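What follows is a single chain, given as structure tokens, in the form predicted alone.
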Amino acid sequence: MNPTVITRFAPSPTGYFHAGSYRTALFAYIYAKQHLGKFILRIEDTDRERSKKEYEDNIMDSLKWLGLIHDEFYRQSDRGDIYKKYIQKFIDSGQAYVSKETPKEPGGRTEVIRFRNANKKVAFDDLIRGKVEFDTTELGDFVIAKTIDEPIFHLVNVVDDFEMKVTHVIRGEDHISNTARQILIYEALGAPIPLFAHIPLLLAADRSKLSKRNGAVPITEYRKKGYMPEAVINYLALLGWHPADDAEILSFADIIREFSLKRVQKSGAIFDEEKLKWFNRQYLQKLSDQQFIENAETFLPEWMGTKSGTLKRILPLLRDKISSFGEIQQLFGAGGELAFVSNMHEYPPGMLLWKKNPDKTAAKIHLTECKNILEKIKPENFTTEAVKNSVLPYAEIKGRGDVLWPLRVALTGQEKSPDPFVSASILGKDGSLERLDAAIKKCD
């Protein structure tokens, strides 16, 4: 492994992270792998009150699901002695000092440790935004620790990047304002300053910053909804970046090969749930039947085994209907298009009547004839096409609506369901005839 390029993802476990955060991790991961370098995961949990193990576990779980596997792992709460050493070094050299403070509220802090600001202009060449310049005078002597045992973000961030030999800091543009302070700390350490790339933020549909309260959900929600990680990765990669040929469906290997920070846009990218759904559907369609069933298994109703004849018959319909595996549950749930498959719910006889010809006698005649037609089809040949080819000629003569409406209701008992040919093939010959018998009796 060539350690020339080292990137890192440094989340704070103070809440559940949404797609924007993992897009940042993805870009950092891609850049490292593209250059045969290292990708570091560093949990920044110096905020002891807000950091929680459940959030850290969720971060680890999400990255693993997405396939963003780290080469090295660190947790800042394990590195207290290292930060203490640097704070003391700064104080001893006069680059930092213990500052007496006037508490902002009763019982507040009376001391903090401040960095002695050189009050100068600093500049850096952002790999996405070009030259960025700050006048640090307005920052004053900023806080780097509450006490010698309680460092804060700016210090630990720089110390860790220095010690871990991070070469490229790829992060969201909301961190640009932190960069001036951090460069001053790098310089005080005599440390090499890494290259910075501040990527655009993800935006909600109203172009406001994506957040938990505004259009964002934890990335694990997409796994629960039955999205494929490959599809999520593909979509996230194209939020703020695009390949030279503007292709949309890209494998992980394609993305790593094609990625370039020079092609990352400066403006924010809108996170569109419908577009993500479209990407996921493309990946679902690429699965073999066996792969589809394996992914769908946890979302199928308990009564349907993965090797059942019903599943085999229903598979083409599932492929056609869903954009994520979680939608299977909606199809089979109450009010879903496929709720009729397991249970035939009671329905009023009036539902069998075609609105343009609400004649009970006519409905009974048509249902009886459909039953006679279906009885002639062998069970092993009871497919959608076979049912359609057998019933449709009769329906063309007698009127499509007059024949097919009562047939569909007889088979499903629902106003919203697949067409009667598909419904019959799903139920099979015996199931279809049984339901037709019950419907004919309703017409008496």
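Throughout, we count residues from 1 along the sequence that is shown. What you see is a predicted model, and the numbers here were worked out from it, not measured in a lab.
Below, we refer to the form predicted together with a small molecule, which is not included among the displayed structures.
Contact between Arg171 and the small molecule in the predicted bound form is found at the 4.5 Å heavy atom cutoff. By the criterion of a heavy atom within 4.5 Å, Ser12 is counted among the residues contacting the small molecule in the predicted bound form. The closest non-hydrogen atom of His175 lies within 4.5 Å of the small molecule in the predicted bound form. Residue contact with the small molecule in the predicted bound form: Tyr86 places no heavy atom within 4.5 Å of it. This chain lacks the partner; the member of Phe153, Phe162, Phe340, Phe124 within 4.5 angstroms of the small molecule in the predicted bound form by a non-hydrogen atom is Phe153. Residues Arg8, Glu44 and Asn157 are all found to lie within 4.5 Å of the small molecule in the predicted bound form, as judged by heavy atom distances.
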